[in-house]
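A single chain comes next, written as C-alpha coordinates; it is the form predicted alone.
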Amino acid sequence: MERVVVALGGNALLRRGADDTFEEMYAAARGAAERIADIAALGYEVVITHGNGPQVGRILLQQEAASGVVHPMPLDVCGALSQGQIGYLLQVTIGDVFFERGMERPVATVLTLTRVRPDDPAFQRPTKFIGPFYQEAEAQGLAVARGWTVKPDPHGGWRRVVPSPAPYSIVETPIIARLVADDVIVIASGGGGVPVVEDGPRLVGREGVVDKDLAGAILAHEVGATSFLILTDVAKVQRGFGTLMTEDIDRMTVDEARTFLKAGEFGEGSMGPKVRAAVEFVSRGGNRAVIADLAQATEALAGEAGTVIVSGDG
(Lines give C-alpha, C1' and ligand atoms only; values in the text may rest on other atoms or scores of the structure.)
Protein backbone atom coordinates (compact mmCIF):
# COMPACT_ATOMS: atom_id res chain seq x y z
CA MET A 1 0.00 0.00 0.00
CA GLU A 2 1.38 3.43 -0.91
CA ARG A 3 2.11 5.77 1.99
CA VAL A 4 1.59 9.55 1.90
CA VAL A 5 2.34 12.31 4.38
CA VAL A 6 -0.21 15.11 4.11
CA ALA A 7 0.89 18.52 5.39
CA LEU A 8 -2.09 20.74 6.17
CA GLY A 9 -1.46 24.48 5.93
CA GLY A 10 -2.95 27.17 8.14
CA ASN A 11 -6.23 27.14 6.19
CA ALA A 12 -6.91 23.63 7.48
CA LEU A 13 -7.76 24.98 10.94
CA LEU A 14 -8.48 28.65 10.30
CA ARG A 15 -9.80 29.67 6.90
CA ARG A 16 -8.53 32.91 5.42
CA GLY A 17 -10.57 35.84 6.77
CA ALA A 18 -12.43 33.73 9.35
CA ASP A 19 -12.78 34.67 13.02
CA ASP A 20 -10.58 32.75 15.46
CA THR A 21 -13.47 30.95 17.19
CA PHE A 22 -13.95 27.32 18.13
CA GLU A 23 -16.84 27.05 15.67
CA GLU A 24 -14.67 28.30 12.79
CA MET A 25 -11.78 26.02 13.76
CA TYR A 26 -14.11 23.03 13.99
CA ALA A 27 -15.70 23.79 10.61
CA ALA A 28 -12.28 24.14 8.99
CA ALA A 29 -11.07 20.90 10.59
CA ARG A 30 -14.21 19.17 9.28
CA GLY A 31 -13.41 20.38 5.77
CA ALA A 32 -9.86 19.03 6.05
CA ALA A 33 -11.22 15.75 7.41
CA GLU A 34 -13.34 15.28 4.28
CA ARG A 35 -10.22 15.56 2.10
CA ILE A 36 -8.25 13.16 4.33
CA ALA A 37 -11.09 10.65 4.04
CA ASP A 38 -11.00 11.03 0.25
CA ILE A 39 -7.29 10.16 0.27
CA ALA A 40 -7.75 7.22 2.64
CA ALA A 41 -10.60 5.89 0.47
CA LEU A 42 -8.12 5.57 -2.41
CA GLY A 43 -6.19 3.02 -0.36
CA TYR A 44 -3.33 5.17 0.92
CA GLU A 45 -1.67 4.78 4.30
CA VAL A 46 -1.89 8.32 5.69
CA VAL A 47 0.18 10.40 8.10
CA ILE A 48 -1.03 13.97 8.69
CA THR A 49 1.03 16.92 9.86
CA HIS A 50 -0.16 20.48 10.31
CA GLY A 51 0.73 24.06 11.11
CA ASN A 52 -0.05 25.73 14.42
CA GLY A 53 0.74 29.43 13.90
CA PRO A 54 -2.65 30.99 14.74
CA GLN A 55 -3.32 28.48 17.51
CA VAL A 56 0.00 28.77 19.36
CA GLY A 57 -0.26 32.55 19.02
CA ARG A 58 -3.65 32.37 20.71
CA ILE A 59 -2.23 30.18 23.49
CA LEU A 60 0.55 32.71 24.08
CA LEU A 61 -2.02 35.49 24.33
CA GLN A 62 -3.95 33.45 26.90
CA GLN A 63 -0.72 32.92 28.85
CA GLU A 64 -0.09 36.66 28.90
CA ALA A 65 -3.66 37.52 29.88
CA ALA A 66 -3.58 35.11 32.83
CA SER A 67 0.00 35.83 33.94
CA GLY A 68 -1.24 37.69 37.03
CA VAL A 69 -3.11 34.60 38.19
CA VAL A 70 -1.08 31.58 37.03
CA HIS A 71 2.53 31.19 35.95
CA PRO A 72 3.00 31.34 32.15
CA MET A 73 4.33 28.19 30.52
CA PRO A 74 7.44 28.22 28.30
CA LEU A 75 7.14 28.10 24.53
CA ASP A 76 7.92 24.38 24.21
CA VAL A 77 4.99 23.61 26.52
CA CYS A 78 2.73 25.96 24.55
CA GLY A 79 3.75 24.18 21.34
CA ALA A 80 2.77 20.87 22.91
CA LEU A 81 -0.56 22.37 23.98
CA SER A 82 -1.25 23.41 20.39
CA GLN A 83 -0.49 19.89 19.14
CA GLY A 84 -3.09 18.51 21.53
CA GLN A 85 -5.68 21.13 20.60
CA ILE A 86 -5.34 20.73 16.83
CA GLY A 87 -4.84 16.98 17.02
CA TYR A 88 -8.08 16.69 18.96
CA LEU A 89 -10.06 18.67 16.38
CA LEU A 90 -8.65 16.68 13.47
CA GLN A 91 -8.98 13.35 15.25
CA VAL A 92 -12.65 13.76 16.11
CA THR A 93 -13.67 15.24 12.75
CA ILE A 94 -11.81 12.59 10.74
CA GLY A 95 -13.41 9.93 12.93
CA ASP A 96 -16.85 11.45 12.30
CA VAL A 97 -16.35 11.51 8.53
CA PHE A 98 -15.12 7.92 8.50
CA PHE A 99 -18.14 6.81 10.53
CA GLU A 100 -20.53 8.62 8.20
CA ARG A 101 -18.90 6.98 5.17
CA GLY A 102 -18.81 3.52 6.73
CA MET A 103 -14.99 3.47 6.72
CA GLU A 104 -13.14 1.44 9.36
CA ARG A 105 -9.89 3.33 10.00
CA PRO A 106 -8.70 4.24 13.51
CA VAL A 107 -7.23 7.72 14.03
CA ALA A 108 -4.55 8.67 16.59
CA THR A 109 -2.64 11.82 17.49
CA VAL A 110 1.00 11.47 18.53
CA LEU A 111 2.57 14.27 20.56
CA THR A 112 5.77 14.75 18.61
CA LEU A 113 9.27 15.90 19.58
CA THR A 114 11.71 17.10 16.93
CA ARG A 115 15.46 16.83 17.41
CA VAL A 116 17.51 19.96 16.79
CA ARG A 117 21.22 20.52 17.41
CA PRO A 118 22.22 22.48 20.54
CA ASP A 119 24.86 24.38 18.59
CA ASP A 120 22.48 25.46 15.82
CA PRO A 121 23.37 29.10 15.00
CA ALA A 122 19.65 29.92 15.09
CA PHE A 123 19.78 29.83 18.90
CA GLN A 124 22.12 32.82 18.80
CA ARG A 125 20.09 34.69 16.18
CA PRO A 126 16.35 34.55 16.96
CA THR A 127 14.30 35.57 13.93
CA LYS A 128 10.84 34.00 14.24
CA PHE A 129 8.10 36.42 15.36
CA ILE A 130 5.60 34.95 17.81
CA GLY A 131 2.86 36.13 20.12
CA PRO A 132 1.13 39.49 20.48
CA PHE A 133 2.19 42.98 19.40
CA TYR A 134 3.46 45.44 22.03
CA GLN A 135 4.43 49.08 22.24
CA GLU A 136 8.21 49.47 22.28
CA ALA A 137 8.49 50.39 25.97
CA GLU A 138 6.38 47.40 27.06
CA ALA A 139 8.31 45.04 24.80
CA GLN A 140 11.65 46.23 26.15
CA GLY A 141 10.37 45.81 29.69
CA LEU A 142 9.30 42.26 29.02
CA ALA A 143 12.67 41.56 27.43
CA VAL A 144 14.39 42.59 30.64
CA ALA A 145 11.92 40.85 32.96
CA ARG A 146 11.69 37.55 31.07
CA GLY A 147 14.91 37.34 29.10
CA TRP A 148 13.12 37.66 25.76
CA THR A 149 14.54 38.99 22.54
CA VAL A 150 12.20 41.56 20.98
CA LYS A 151 12.28 43.33 17.64
CA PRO A 152 10.07 45.68 15.61
CA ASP A 153 7.72 43.70 13.37
CA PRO A 154 7.42 44.91 9.75
CA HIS A 155 3.62 44.79 10.18
CA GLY A 156 3.76 47.29 13.03
CA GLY A 157 4.55 47.21 16.76
CA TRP A 158 7.14 45.15 18.62
CA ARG A 159 7.06 41.39 19.13
CA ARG A 160 9.02 38.61 20.68
CA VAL A 161 11.36 36.69 18.38
CA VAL A 162 12.55 33.14 19.02
CA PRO A 163 15.03 30.78 17.36
CA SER A 164 13.99 28.63 14.41
CA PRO A 165 16.53 25.78 14.52
CA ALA A 166 16.83 23.26 11.69
CA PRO A 167 15.28 19.86 12.46
CA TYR A 168 17.18 16.67 11.72
CA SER A 169 15.07 13.84 13.16
CA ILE A 170 11.61 13.07 14.56
CA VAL A 171 11.80 11.28 17.93
CA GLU A 172 8.55 9.31 17.56
CA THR A 173 9.15 8.03 14.01
CA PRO A 174 9.33 4.34 15.04
CA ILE A 175 5.97 4.60 16.83
CA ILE A 176 4.36 6.51 13.97
CA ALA A 177 5.62 4.01 11.37
CA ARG A 178 4.28 1.11 13.41
CA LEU A 179 0.86 2.69 13.78
CA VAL A 180 0.48 3.61 10.11
CA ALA A 181 1.55 0.09 9.08
CA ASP A 182 -1.39 -1.14 11.18
CA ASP A 183 -3.74 1.05 9.09
CA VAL A 184 -4.02 3.85 11.65
CA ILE A 185 -4.43 7.40 10.36
CA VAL A 186 -1.73 9.21 12.34
CA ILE A 187 -1.61 12.94 13.16
CA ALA A 188 1.94 13.94 14.09
CA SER A 189 4.65 16.64 14.05
CA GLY A 190 2.13 19.42 14.55
CA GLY A 191 3.66 22.87 14.15
CA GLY A 192 7.00 21.22 13.34
CA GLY A 193 7.02 19.35 16.65
CA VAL A 194 8.42 20.48 19.98
CA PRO A 195 12.15 21.23 19.50
CA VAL A 196 14.38 19.14 21.79
CA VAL A 197 18.13 18.65 22.14
CA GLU A 198 19.86 15.49 23.28
CA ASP A 199 21.64 15.64 26.63
CA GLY A 200 23.03 12.15 26.95
CA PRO A 201 19.97 9.88 27.23
CA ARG A 202 17.71 12.84 28.04
CA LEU A 203 15.69 15.02 25.68
CA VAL A 204 15.50 18.65 26.79
CA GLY A 205 12.91 21.02 25.35
CA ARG A 206 14.15 24.29 23.90
CA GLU A 207 12.20 27.45 23.27
CA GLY A 208 11.92 27.87 19.53
CA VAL A 209 9.78 27.21 16.47
CA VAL A 210 10.77 24.50 13.99
CA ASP A 211 9.82 25.10 10.36
CA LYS A 212 6.71 22.93 10.02
CA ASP A 213 7.18 22.17 6.33
CA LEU A 214 10.79 21.04 6.74
CA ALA A 215 9.85 18.91 9.75
CA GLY A 216 7.07 17.41 7.61
CA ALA A 217 9.60 16.51 4.91
CA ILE A 218 11.81 14.77 7.47
CA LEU A 219 8.80 12.92 8.88
CA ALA A 220 7.79 11.82 5.37
CA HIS A 221 11.30 10.52 4.69
CA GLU A 222 11.64 8.74 8.02
CA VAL A 223 8.29 6.92 7.82
CA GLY A 224 9.04 5.76 4.26
CA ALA A 225 6.36 7.76 2.46
CA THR A 226 6.46 7.70 -1.33
CA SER A 227 4.58 10.99 -1.65
CA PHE A 228 4.61 14.23 0.33
CA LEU A 229 1.45 16.27 -0.22
CA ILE A 230 1.55 19.89 0.94
CA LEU A 231 -1.97 21.30 1.01
CA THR A 232 -2.51 25.04 1.24
CA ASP A 233 -4.95 27.60 -0.17
CA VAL A 234 -3.39 28.21 -3.59
CA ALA A 235 -3.83 26.04 -6.67
CA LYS A 236 -0.22 25.99 -7.84
CA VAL A 237 3.23 27.37 -7.13
CA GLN A 238 3.81 30.53 -9.17
CA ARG A 239 6.83 32.30 -10.57
CA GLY A 240 6.69 36.07 -10.15
CA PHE A 241 4.21 35.85 -7.30
CA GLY A 242 3.00 39.33 -6.31
CA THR A 243 3.88 40.84 -9.67
CA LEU A 244 1.85 41.50 -12.81
CA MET A 245 3.67 38.67 -14.60
CA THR A 246 2.80 35.55 -12.62
CA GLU A 247 3.19 32.12 -14.17
CA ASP A 248 1.77 28.86 -12.82
CA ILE A 249 4.24 26.00 -12.48
CA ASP A 250 2.88 22.51 -13.16
CA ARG A 251 6.10 20.59 -12.62
CA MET A 252 9.63 21.22 -11.35
CA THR A 253 12.69 19.07 -10.98
CA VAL A 254 14.71 19.43 -7.79
CA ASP A 255 17.41 21.33 -9.71
CA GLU A 256 14.86 23.71 -11.24
CA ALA A 257 13.27 24.33 -7.84
CA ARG A 258 16.66 25.11 -6.31
CA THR A 259 17.40 27.56 -9.12
CA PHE A 260 14.07 29.33 -8.59
CA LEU A 261 14.66 29.46 -4.82
CA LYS A 262 18.11 30.95 -5.29
CA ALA A 263 16.63 33.59 -7.60
CA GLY A 264 14.05 34.54 -4.96
CA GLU A 265 11.04 33.51 -7.04
CA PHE A 266 9.04 32.34 -4.01
CA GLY A 267 8.07 34.35 -0.95
CA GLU A 268 10.07 33.60 2.19
CA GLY A 269 7.01 33.89 4.39
CA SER A 270 4.76 31.81 2.18
CA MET A 271 5.73 29.49 -0.67
CA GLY A 272 9.52 29.43 -0.24
CA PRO A 273 9.56 27.11 2.81
CA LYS A 274 7.10 24.72 1.14
CA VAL A 275 9.23 24.42 -2.00
CA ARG A 276 12.35 23.87 0.15
CA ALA A 277 10.56 21.13 2.06
CA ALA A 278 9.48 19.47 -1.20
CA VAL A 279 13.08 19.58 -2.44
CA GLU A 280 14.31 18.11 0.85
CA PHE A 281 11.91 15.17 0.64
CA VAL A 282 12.55 14.31 -3.01
CA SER A 283 16.32 14.77 -2.77
CA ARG A 284 16.37 12.22 0.06
CA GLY A 285 14.70 9.57 -2.08
CA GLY A 286 11.00 10.40 -2.09
CA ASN A 287 9.15 9.76 -5.33
CA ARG A 288 7.42 13.12 -5.51
CA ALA A 289 6.15 16.09 -3.57
CA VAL A 290 3.02 17.97 -4.59
CA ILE A 291 1.96 21.46 -3.50
CA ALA A 292 -1.75 22.04 -4.09
CA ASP A 293 -5.02 23.50 -2.86
CA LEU A 294 -6.67 21.61 0.00
CA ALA A 295 -9.86 21.28 -2.07
CA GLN A 296 -7.93 19.42 -4.81
CA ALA A 297 -6.15 16.87 -2.63
CA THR A 298 -7.12 13.73 -4.54
CA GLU A 299 -6.65 15.41 -7.92
CA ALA A 300 -3.15 16.42 -6.81
CA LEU A 301 -2.29 12.82 -5.90
CA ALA A 302 -3.60 11.73 -9.30
CA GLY A 303 -1.31 14.26 -11.03
CA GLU A 304 -4.23 16.39 -12.19
CA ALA A 305 -3.72 19.45 -9.96
CA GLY A 306 -1.08 21.39 -8.08
CA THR A 307 2.65 21.62 -8.67
CA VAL A 308 4.69 18.41 -8.57
CA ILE A 309 8.38 18.33 -7.66
CA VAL A 310 10.37 15.29 -8.83
CA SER A 311 14.03 14.27 -8.85
CA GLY A 312 14.74 14.67 -12.57
CA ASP A 313 13.40 14.44 -16.08
CA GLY A 314 12.65 10.76 -15.92
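Residue numbers run from 1 along the displayed sequence. All of these numbers come straight from a predicted model, not from anything done at the bench.
The same protein also has a form predicted together with another copy of the chain, omitted here; what follows describes it.
Novice: Consider the chain as shown here, without its partner, and state which of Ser164, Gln85, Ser227, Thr232 has a heavy atom within 4.5 Å of another copy of the chain in the predicted complex.
Specialist: Here the answer is residue option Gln85.
Novice: Name the single residue among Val116, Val107, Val237, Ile170 that comes within 4.5 Å of another copy of the chain in the predicted complex, judging by heavy atoms.
Specialist: When another copy of the chain is considered in the predicted complex, the option within 4.5 Å is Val107.
Novice: Which single stretch, out of 118-126, 182-190, 143-151, 208-216, brings residue heavy atoms within 4.5 Å of another copy of the chain in the predicted complex?
Specialist: Contact-bearing stretch, as computed: 182-190.
Novice: Consider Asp19 of the chain shown here, and say whether it contacts another copy of the chain in the predicted complex, taking contact as heavy atoms within 4.5 Å.
Specialist: Result yes; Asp19 sits at the interface with another copy of the chain in the predicted complex.
Novice: Is there any non-hydrogen atom of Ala263 lying within 4.5 Å of another copy of the chain in the predicted complex?
Specialist: No, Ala263 sits far enough from another copy of the chain in the predicted complex that none of its heavy atoms falls within 4.5 Å.
Novice: Just checking whether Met103 would be counted as a contact of another copy of the chain in the predicted complex - the rule being heavy atoms within 4.5 angstroms.
Specialist: Heavy-atom contact with another copy of the chain at 4.5 Å: absent for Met103.
Novice: Hey, in the predicted complex, does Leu81 get a heavy atom within 4.5 angstroms of another copy of the chain?
Specialist: Yes.
Novice: Would you give me the residues of 70-103 that have any heavy atom within 4.5 Å of another copy of the chain in the predicted complex, in order from first to last?
Specialist: Going through 70-103 in order - heavy atoms within 4.5 Å of another copy of the chain in the predicted complex - the hits are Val70, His71, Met73, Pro74, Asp76, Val77, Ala80, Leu81, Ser82, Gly84, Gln85, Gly87, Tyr88, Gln91, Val92, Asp96, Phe99, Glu100.
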